[in-house]
Ligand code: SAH
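In structure tokens, one chain follows: the form predicted alone.
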Amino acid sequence: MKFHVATWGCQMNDHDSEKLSGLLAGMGMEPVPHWSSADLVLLNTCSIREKAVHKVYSELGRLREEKKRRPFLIGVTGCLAQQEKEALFKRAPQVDLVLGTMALRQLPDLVREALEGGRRLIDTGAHPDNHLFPPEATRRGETAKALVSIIEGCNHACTFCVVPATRGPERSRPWKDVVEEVRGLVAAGFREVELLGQNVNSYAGGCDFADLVERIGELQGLEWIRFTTSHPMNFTPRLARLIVGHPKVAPFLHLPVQSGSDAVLRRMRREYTVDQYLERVSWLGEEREGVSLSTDFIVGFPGETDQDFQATLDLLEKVRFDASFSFIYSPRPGTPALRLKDDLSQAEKGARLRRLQQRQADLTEESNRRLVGRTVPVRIESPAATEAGHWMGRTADWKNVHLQAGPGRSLPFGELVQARITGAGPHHLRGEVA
């Protein structure tokens, strides 16, 4: 039998797909690159924003038409599955099985039952050991870095966010298990890892997050350690010093702020003020210029006034983020923000988003231009040159590089090369292999 896993969402979802693929491969099934030849199509979904949900249902519509032509199984997993549960069957009756975020290891049982003729199978239960997924069962993709989940769930209660409902409370893996997994990944040839969690810096698996990073940093052969995502309230001065001072911790920090207005932050229940956020950024010290700092913004949150939005623009200017991910507020089922009055027009929200993103593009290009003329280590992230003739790479501070290698020259996938940066734009750097 053949299977195809389609993925939407964050790095956690990407890694969950690696786990799901490993479980299916362990059943003797073979992966295929497109669902047109698959006996099982598994959609690993995201529900953090309405747009992501629309994409999933559009794909389910295409699969419904395909199912009229031939028999195959359709499964839905991920955050949308955990959120919608049995309602998925009503809206998309072509679905055969629904698997929640805390029941990944139950996939083989559901597939076997479905193959025996079972219909509308579902497991969205909170299996207590789901976060202890055996690393050896993971089927990793062809990537330059390895994803490693260290904590699942979130204990914060942001009014706009579905994560506590779709991912559950925080559950940390034991630190020894994490270190041993990374040790095995290094032995398998990976030189970079990214530690994952809905809130990695609230990790509590027998040590705190800074301790875990230091212990992983002791492993020989590992070059870069990354992590995402951080909540400002769990960010610490010690972690800041590791980012700027530890030779193996990549100089990159994603620290979502969401808004530059204290009034909006209170309605979001973000638990900090703008001044407290700025204090955390200040912990990076004078070395801040060597760290790439990115953030998240939500535009048009219920009750956001012109003054609130201006405060966000003011924060952008004060911090001068190297990059940001910004979105119009998306109402999500079951979240407290649904009770807040939202009287701002979509046109105004869109105008605010465009203004924010344009200014961020200018700041990102300005940040990128600071590297022009320098020679820096770049990890090769494409196994071959693109159709445009360049190789894809990434700097330690998470900047994309389009590399020219010269006629007939191949670059080592997953390895570091020295590259001279020759140009910069708002989306990537240009460089030549030194």
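Being a predicted model, the structure only gives us computed values, none of them experimental. In this text, residue numbers run from 1 along the sequence as written.
The discussion below concerns the form predicted in complex with ligand SAH, not included here.
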Worksheet item: Is F190 one of the residues lying within 4.5 Å of ligand SAH in the model of the complex, judged by heavy atom distances?
Response: no
Discussion item. Whether P256 contacts ligand SAH in the model of the complex should be assessed with a 4.5 Å heavy atom distance threshold; does it?
Written reply: yes
Practice prompt. May I ask you to check whether I48 falls inside a 4.5 Å heavy atom distance of ligand SAH in the model of the complex?
Written response: yes
Practice prompt. May I ask you to check whether L80 falls inside a 4.5 Å heavy atom distance of ligand SAH in the model of the complex?
Written response: no
Response to the item:
Exactly one listed stretch (69-77, 213-221, 138-146, 320-328) reaches within 4.5 angstroms of ligand SAH in the model of the complex by non-hydrogen atoms, and it is 320-328
Worksheet item: If you check D306, D296, D109, E86 against ligand SAH in the model of the complex, which one has a heavy atom within 4.5 Å?
Response: D296
Item to complete: Could you spot which one of T124, S202, T229, N130 gets a heavy atom to within 4.5 Å of ligand SAH in the model of the complex?
Response: T229
Discussion item. When ligand SAH is placed as it is in the model of the complex, are F160, Q198 and R332 each within 4.5 Å of it, taking any non-hydrogen atom of the residue?
Written reply: yes
